[in-house]
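Below, in structure tokens: the form predicted alone, a single chain.
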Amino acid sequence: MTSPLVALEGASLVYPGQSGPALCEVDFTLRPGEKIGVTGDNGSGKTSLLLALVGLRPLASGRLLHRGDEVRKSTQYHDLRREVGLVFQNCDDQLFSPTVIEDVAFGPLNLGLSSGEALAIASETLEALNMGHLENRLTHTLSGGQKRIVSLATALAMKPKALLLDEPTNDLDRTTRAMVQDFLHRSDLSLVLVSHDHDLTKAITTRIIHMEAGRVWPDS
């Protein structure tokens, strides 16, 4: 069996001031090519799972692994986040540059690409999502749905091996939602999809897990 791209072993996560853990002894693996759907009520730990998988929240116990090695050093976190991109539920947590093209080019620039190379990748990525016409728009003037697609573009421009998606079809009209579903279905990226859109989850994922009270259960 193919070794996991990213994994959690016995992972628990606790937020300051909360009475119980957000994650409780979670074991989770994402292998190359897998597309995993995550279901559960609000507060069940779905977003915390995604944050833990890219090390944005420190674990109280357990281990985060990237390609079989425990992630501890800053260089290891950098390598992990280079391969595993996260698209936040709140787009404003992801978009901070004045224009759309600058937002999408930011990641490639941080990888050391030249300005011309980064802008070319950003433009190509937006075109692939049918959003090329937004390149020069001021980000703060976009609709909620447009911001969501641009957020997806910022992650895709990094050329990751996997995407973690937190409610990626919120605020999307029917046409744009269908475009996103088709794009994700055809993509060879590994995916972890958190969504209340059950039709989307069933259409693009290879297996589904359920979360309850910070624990992971196979979906019935």
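Residue numbers here begin at 1 and follow the sequence given. Given the structure is predicted, the values throughout are model-derived calculations rather than measurements.
Although not depicted, the form predicted together with a small molecule is the subject of the following passage.
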property: Partner proximity in the predicted complex: Q89 to the small molecule, non-hydrogen atom cutoff 4.5 Å; result: yes
property: Contact test in the predicted complex: D41 vs the small molecule, heavy atoms, 4.5 Å; result: yes
property: Interface membership of A11, the small molecule in the predicted complex, 4.5 Å heavy atom rule; result: no
property: 4.5 Å heavy atom contact, G45 and the small molecule in the predicted complex; result: yes
property: Region of this chain that lies against the small molecule in the predicted complex, out of 66-74, 157-165, 29-37, 45-53 [heavy atom, 4.5 Å]; result: 45-53
